[in-house]
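Two forms of a single protein chain come next, each set out by itself as structure tokens; they are called structure 1 and structure 2.
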Structure 1
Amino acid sequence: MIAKLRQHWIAALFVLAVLTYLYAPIVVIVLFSFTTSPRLSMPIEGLTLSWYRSALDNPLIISALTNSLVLALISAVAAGAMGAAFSFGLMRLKRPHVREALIGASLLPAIVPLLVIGIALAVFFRMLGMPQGLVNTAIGHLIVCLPFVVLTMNARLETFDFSMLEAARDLGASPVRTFLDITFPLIRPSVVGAALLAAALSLDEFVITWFNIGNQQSVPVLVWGMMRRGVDPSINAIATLLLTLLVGLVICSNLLGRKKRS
């Protein structure tokens, strides 16, 4: 009993230490987005909202934000739909070897360094004669988002009852009818959840964007430029806004996945 308690105590301390390591940067950014001193150091002198005001007054931010939201929307809809369909098709494959191989192949873009995917796409579009821009970037985002959509959909489709579809077909429903009346309503929360995850990944994507977006900007590309130029505390304000958006999307995505199970 005492041994168990002691083990619990040590484990709790360890978990706390790791969570501090993971969350310290996040806390720092949020904290410093509200401080008056432009120098990011202790002790804190006072609190202000002026960095948010100067961030939102910046016309570059508005155009970067528009681009980011467009990319996120495309990623959510296209990667969500394609990834869900892919995962759905995988579940119906009878041969386990083929299925395993396809899952493995579909996860490859998550393991190849983003730098390599980014430059490979830049080279490919250059060879096609396509100028850099939002279209190229959007395609890159789809490639990055798909593995994660497939992974989440695979986990969520595990409990899906495929015999229901057979029953519908035996009762004379056409494939389209079956999909609209039975399949889609059942998997909708999972698909929306996976799509929100894709939106979050796209909003946060920097490397592929940087190599393919050309002279345009997304929020991460803009933040990168500001970071390199030096200390401007409105970066903290932009970063905090981005962070809030990302965390909100991921929490919604998780909640949608859970609702289906209960």
Structure 2
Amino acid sequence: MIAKLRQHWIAALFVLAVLTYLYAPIVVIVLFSFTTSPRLSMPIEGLTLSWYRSALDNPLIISALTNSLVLALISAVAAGAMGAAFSFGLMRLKRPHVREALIGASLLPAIVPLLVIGIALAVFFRMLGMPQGLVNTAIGHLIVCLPFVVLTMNARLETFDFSMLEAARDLGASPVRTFLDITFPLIRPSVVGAALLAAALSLDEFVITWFNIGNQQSVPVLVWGMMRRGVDPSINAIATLLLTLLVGLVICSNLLGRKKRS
């Protein structure tokens, strides 16, 4: 009995240690975003929202935040549409080995180092004469997000009953009407969930953005630049806002995933 109790406490302490290791830096950032002291030290003297007001009054931060949201929106819409169409096409292939090969090829960018993709895109766009900017960055974000959207959509379409589409067409429905009335309502939670995941990945992306955005800024690139000059408490506020946005997107994506499974 005592041995089992000891094992239980050891397991609980190990889980607590792992969770502390994972989340302690994030908790520190969130905590210091509310402190009154500009010195990032303990004990905390008081709480304030002034660092958030300071961050949101900074035109550079507003510009970076706008760019990040634009990139996230483009990534969500484009990756959601392209990933869903690509996965749908894969499922209609009749040769399993070809489908598996194409799925593997589509997931390859997820394991290629972002540094390689960032440099390759920068060289590629320079060869084409395209100046650095949001367009190049959006294309890079799309490459990063697409594998995850394809993975999500494939999981949903594995259980999709394609005979319903054939039945609708046998009853005289056009392809467009079949898509609007049957296909899209059934896959909509998966598409929206995958698009939210793409938006979350885009908001967090730094390496490809840094190589391709040029003189413009996104939130991760701006924070990196600010931290090179020292840790301003407003950086903690920006990081907390970004963290809140990312967590919200991931929670919404998971909720939609549960809805599709139910």
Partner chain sequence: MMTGSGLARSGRASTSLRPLLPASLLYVLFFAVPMLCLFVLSFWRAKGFELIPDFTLDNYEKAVVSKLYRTLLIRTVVVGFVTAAIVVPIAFSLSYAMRFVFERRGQLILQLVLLSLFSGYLVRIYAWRTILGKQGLLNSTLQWLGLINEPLEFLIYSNIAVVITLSGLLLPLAVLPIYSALLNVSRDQMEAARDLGAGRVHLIRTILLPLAMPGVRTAFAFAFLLAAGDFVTPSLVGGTQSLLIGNIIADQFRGIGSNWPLGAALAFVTIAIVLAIYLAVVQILVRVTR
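Residues are numbered by position in structure 1's sequence, first residue being 1. Each form is matched to the other, and the largest set of C-alpha atoms that superpose within 1.5 Å is called the rigid core. Note that the structure is a prediction, hence the values are computed from the model and not measured.
Chemist: Quick one, which of these two is the form predicted in complex with its partner chain?
Modeler: Here the form predicted in complex with its partner chain corresponds to structure 1.
Chemist: Core-aligned, does residue 247 move its Cα 2 Å or more between structures 1 and 2?
Modeler: Comparing the forms between structures 1 and 2, which are aligned on their rigid core, residue 247 does not shift its C-alpha by 2 Å or more.
Chemist: To one decimal place, what C-alpha displacement in Å is found for residue 14 between structures 1 and 2 with the rigid core superposed?
Modeler: Value for residue 14 between structures 1 and 2: 3.0 Å of C-alpha shift.
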